[in-house]
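Consider the single chain below, provided in structure tokens and representing the form predicted on its own.
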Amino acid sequence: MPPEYIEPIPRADLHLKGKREQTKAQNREMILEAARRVFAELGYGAATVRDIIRTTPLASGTFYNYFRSKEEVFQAIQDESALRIRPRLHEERAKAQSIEEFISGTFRTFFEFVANDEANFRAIHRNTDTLRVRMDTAEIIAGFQELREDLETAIAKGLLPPVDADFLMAALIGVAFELAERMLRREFADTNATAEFATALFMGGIRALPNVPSLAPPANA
């Protein structure tokens, strides 16, 4: 039985489809870039969809073809940042041969990323209250989980002492974001000095953690 014949798509239609996809991608990026500027300038809480649209040549109807609200735009900005940094962080942690390399590599990679992507970081972190309630996007949660898994792997390999991976993950994340924000407030963002400070802080205390009573809940809890 001869194979079923599939009529090829005309070249003109392919070209038109490709152009439409390109326009859609350009419009979406235009909206995201406008939102970054608006969030960085006004703060997430004060910014509105109208503020974002005003900084683009797009009509309001076009905006709603891509996002339903400023919350969705904010989430997209966070997710894009997380997608770019996660592979770098995982690679750095995976090649670590000591506790210090694991900790310093994580901090140094993160601070360098923040310094090189300052506008995006400021857009996300302009409003501290918003930050605390919006760290729940899919890619950010996946990044936190990846850090925890890397910590558990390092503990299993004997690279890190047997500590509470969940608490250590939270501590690393908290210090990283707080120091990054303060680093950017200074006239010169010294990523090396910031990473060295954070590493020294953790290395001075991490060796004492195995002596802390277990933080795990009782088995019958």
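Whichever C-alpha set is largest while still superposing within 1.5 Å between the two forms counts as the rigid core. Because the structure is predicted, anything quoted here is derived from the model rather than measured. Residue positions are given as counts along the sequence shown, with the first one as 1.
What follows is about the form predicted together with the DNA, which we do not show.
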Next on the checklist: Test of understanding: in the predicted bound form, would Ala156 fall inside 4.5 Å of the DNA by heavy atoms?
Outcome noted: no
Item to check | Interface membership of Leu168, the DNA in the predicted bound form, 4.5 Å heavy atom rule | outcome: no
Next on the checklist: Taking any heavy atom pair closer than or equal to 4.5 Å as contact, tell me whether Arg50 reaches the DNA in the predicted bound form.
Outcome noted: yes
Checklist entry - Closest heavy atom of Leu58 to the DNA in the predicted bound form, within 4.5 Å or not? => result yes
Next on the checklist: Heavy atoms within 4.5 Å of the DNA in the predicted bound form: which stretch in 92 to 100, 68 to 76, 107 to 115, 142 to 150 meets that?
Outcome noted: 68 to 76
Item to check | Threshold 2 Å Cα movement between this form and the one not shown for Thr56, core superposed | outcome: no
Item to check | C-alpha of Asp79 moved at least 2 Å between this form and the one not shown on rigid core | outcome: no
